[in-house]
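Shown below, as structure tokens, is a lone chain in the form predicted on its own; questions about how it binds or moves come after it.
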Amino acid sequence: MAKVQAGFADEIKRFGAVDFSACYNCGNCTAVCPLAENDNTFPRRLLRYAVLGLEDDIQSSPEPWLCYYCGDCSETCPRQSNPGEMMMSLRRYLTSKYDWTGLSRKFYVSKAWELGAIAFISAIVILLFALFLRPTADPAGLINAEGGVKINSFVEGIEPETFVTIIEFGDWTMAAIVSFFLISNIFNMYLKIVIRNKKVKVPLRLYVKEAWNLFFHFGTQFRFSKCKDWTYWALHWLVMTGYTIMFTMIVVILPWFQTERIHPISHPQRFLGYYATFGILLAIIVWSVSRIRRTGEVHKYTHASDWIFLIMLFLTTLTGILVHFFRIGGLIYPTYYTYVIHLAILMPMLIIEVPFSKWSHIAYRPLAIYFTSLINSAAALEREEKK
């Protein structure tokens, strides 16, 4: 028998849900949803679980991640229960439940916790630069022969290659920390949805057979194309690919990206950087304006974590743009000071947002599709075997 959690409605409202208790289970939301198909009858089923306080059933369901929040369900709800915002709130709630540290919950339900963590990590980055790095006594040697500031040469006595190695070590350390927490949270998600599934057991061979779902949906964001018009998909695809490219360049291949020489504008390094910047900045502008104007159901309600994410992403992008143009313009100290500020914003954004908050959704969504395909294929296999 399913366990009922008393007070669950109040708990989920802390993650942004509005008055979903007005729902009387008419099913309009599921009827209009372009993504509700086969056994995935969201948002109706998840709303019912929430109203009844069936916390375990919600935690074992991949359905909140199969919703891409187009807002059609909220627009057609006769009771204004806002099922779309409810699904968004459940994604925040589930993120906190996958996270074994408890930090995700604190960041979602307390602005002070999230802002405090950002300030703490930023202070560490600035302190490290202040304690260990000193500007060179020879500013003239900081300009390339062909023009532009040498980004890796502003520390007296440290060779550019060594400086890049130090920054790269910091990048890899940060990436290891982020990966540890994100992967362990993903494992908790897998345990809740697949391993503890009481309806079906998944044979090992299906993990390989259905793996294409994970890579295909991560790379294409295909399910977004079923919501609204093509611009809804295009914007999410741009920001996802832009973020992935930028993360790869600043963490995985930093020596190729952060070079002393400023490459021609046709060079792949600059082209990829411009593409990533354009995609991320366009998304920030569109989403911010929509939230300010409250355009459509999707942007009618805004959780504090949404604004913190957008502001951090904007500041990271802005400081990155400024560093680039200060370098090109030969402005030595504006380049270096802005570079430190850029890292002081980038580091906390990655450490907090990737494993504990908004960016984790990039991983959870395709994984939910993969886990759903595993469960559905296993169920179909069992039916075949019983014939």
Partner chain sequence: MGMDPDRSKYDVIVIGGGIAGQESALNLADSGLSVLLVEKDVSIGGKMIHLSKVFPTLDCAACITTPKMSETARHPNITISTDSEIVDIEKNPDNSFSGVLIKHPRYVVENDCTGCQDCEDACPVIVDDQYQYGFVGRKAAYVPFSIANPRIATIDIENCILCGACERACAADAIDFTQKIERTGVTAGSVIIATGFNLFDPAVIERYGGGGFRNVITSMQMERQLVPTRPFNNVLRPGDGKMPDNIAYVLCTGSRDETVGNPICSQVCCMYSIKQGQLLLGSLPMADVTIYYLHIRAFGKGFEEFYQQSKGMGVEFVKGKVGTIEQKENGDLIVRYEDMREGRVKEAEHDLVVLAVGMLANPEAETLFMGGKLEIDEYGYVKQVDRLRNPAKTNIEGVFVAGTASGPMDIPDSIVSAGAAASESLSYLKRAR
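Positions refer to the first chain, counted from 1. In this text the structure is predicted, and so the values were computed from the model without any measurement.
One more form of this protein should be noted, the form predicted together with the partner chain, which is absent from this view; the next part is about it.
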Can you tell me if T319 lies within 4.5 angstroms of the partner chain in the predicted complex, counting non-hydrogen atoms only? no
Since only the chain is shown here, I'm wondering whether P78 would be in contact with the partner chain in the predicted complex (any heavy atom pair within 4.5 Å). yes
Check A31 for me: does it contact the partner chain in the predicted complex (non-hydrogen atoms, 4.5 angstroms)? yes
Is there a heavy atom of L343 no more than 4.5 Å from a heavy atom of the partner chain in the predicted complex? no
Tell me, which of V323, I352, A36, C70 has a heavy atom within 4.5 angstroms of the partner chain in the predicted complex? A36
Can you pick the stretch from 42-50, 344-352, 327-335, 357-365 whose heavy atoms fall within 4.5 Å of the partner chain in the predicted complex? 42-50
